[in-house]
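Okay, here we've got a single chain as structure tokens, the form predicted alone, with questions on binding and movement later.
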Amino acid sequence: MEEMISAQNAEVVQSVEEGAISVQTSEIVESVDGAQGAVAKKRKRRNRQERLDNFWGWAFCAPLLFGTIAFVYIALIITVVLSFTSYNGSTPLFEYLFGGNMSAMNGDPFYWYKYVFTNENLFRWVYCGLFNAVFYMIGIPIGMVLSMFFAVCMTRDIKGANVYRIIYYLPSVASTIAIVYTFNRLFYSTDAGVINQLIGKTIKWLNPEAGLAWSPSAITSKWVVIIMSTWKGLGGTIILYIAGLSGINASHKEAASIDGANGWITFWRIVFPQLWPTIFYNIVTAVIGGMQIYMEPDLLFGGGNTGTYLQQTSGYVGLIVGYSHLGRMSADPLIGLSSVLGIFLAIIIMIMTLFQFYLDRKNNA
């Protein structure tokens, strides 16, 4: 009898345990299903938000991408193709490229590449254009030092710092034509010029005499372009330096001052190394822009596509524009020559940029 009761009790306990286990299992399954459903809803909601963010991101980037593809990559391909042709602009470009008329001068596709190095007059003009472009880059270190100085001053706790930032940035957004006209009045080459009135002398700032690019009158004229370009680009560089200075860890400077370092040592040992990425970016972009200078000297000296101004004051880009304009106006096949000069400029800029990156990696190694 007792054995039967104990067996029944064991069966009851087993059934109760199995029921409890099944209940717990069902609860666990329900909780897991609920969690999976919540994760799926969250994932679906997140994917929808990600798709929306991606859409607006591509929408804002689309104009830049289109401009880069159309006016940089496609234009570069067309330039390379035209450098092997005798295109003169008299026929539509599409019809010329796909009409079978792709021969260069004398049937030699490398005619213009050879012409640059074999024609003495053109080679001298190319040399003068490169000399002018490199000479104008004297303003790069001047602008770097001045912008660094003003940026450090504006990061100090002084009254009206934001007002000074706006004032110094205004030339960067001003019209280049307005700035050129202002400097034309300042450095006018007669007694009516403001600078000549201040110094009491009549200096021909903007009238280079006939001669090569390194003649004294040409050097004087180029200094006006350097002063104007430096003043115009000062504001943008100051803003970049202020942004870089604001990201420097203040505790490092405090630790240096506690150790007895003065302001000069703190700048060179603490501030300058942390600011180097901003400095390097400004140097690279300034060199690229300096090699492509065209508008400032062209407007300041009355349009130097040809003649004395091209040789003495215009940069290398002025030579490219001059031959392209001459080819369109005279129907001579000079656009191929202009394309070759543009390719040479791109190669020069690429080599200079790669050399700067090489020096940067070598210094950081």
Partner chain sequence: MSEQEKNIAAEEAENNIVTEEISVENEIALSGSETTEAVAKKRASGAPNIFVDGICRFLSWFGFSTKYYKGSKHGGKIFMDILDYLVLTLVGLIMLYPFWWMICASFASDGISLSSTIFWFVNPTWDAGQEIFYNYTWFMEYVPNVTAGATFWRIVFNTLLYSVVPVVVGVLTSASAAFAFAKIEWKARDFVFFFLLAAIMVPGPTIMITQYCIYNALGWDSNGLAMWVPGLFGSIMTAFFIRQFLYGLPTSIVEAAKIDGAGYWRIFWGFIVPLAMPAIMAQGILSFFGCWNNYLGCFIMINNEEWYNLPVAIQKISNLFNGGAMNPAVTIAGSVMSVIPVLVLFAIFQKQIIGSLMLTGSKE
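Positions refer to the first chain, counted from 1. If you're wondering where the values come from, they're calculated on a predicted model, not measured in any experiment. The term rigid core refers to the most C-alpha atoms you can superpose between the two forms while keeping them within 1.5 Å.
One more form of this protein exists, namely the form predicted together with its partner chain; it is left out here, but the text below deals with it.
For the options 243, 250, 145, 258, the residue carrying a heavy atom within 4.5 angstroms of its partner chain in the model of the complex is 243. The listed set 111, 168, 135, 205 contains one residue whose heavy atoms approach its partner chain in the model of the complex to within 4.5 Å, identified as 168. Looking at 124-132, 193-201, 217-225, 137-145, the stretch with residues near its partner chain in the model of the complex, meaning non-hydrogen atoms within 4.5 angstroms, turns out to be 193-201. Its partner chain in the model of the complex is approached by residue 234, whose closest heavy atom lies within 4.5 angstroms of it. Contact annotation: residue 183 falls within 4.5 Å of its partner chain in the model of the complex, judged by heavy atom distances. Using a 4.5 Å cutoff between non-hydrogen atoms, residue 164 counts as a contact of its partner chain in the model of the complex.
Put simply, residue 343 is close to its partner chain in the model of the complex: some heavy atom of it is within 4.5 Å. Heavy atoms closer than or equal to 4.5 Å to its partner chain in the model of the complex belong, across 280-295, to the residues 281, 292, 294, 295, ordered by sequence position.
Core-superposed comparison between the shown form and the other one: the CA of residue 72 exceeds or equals a 2 Å shift.
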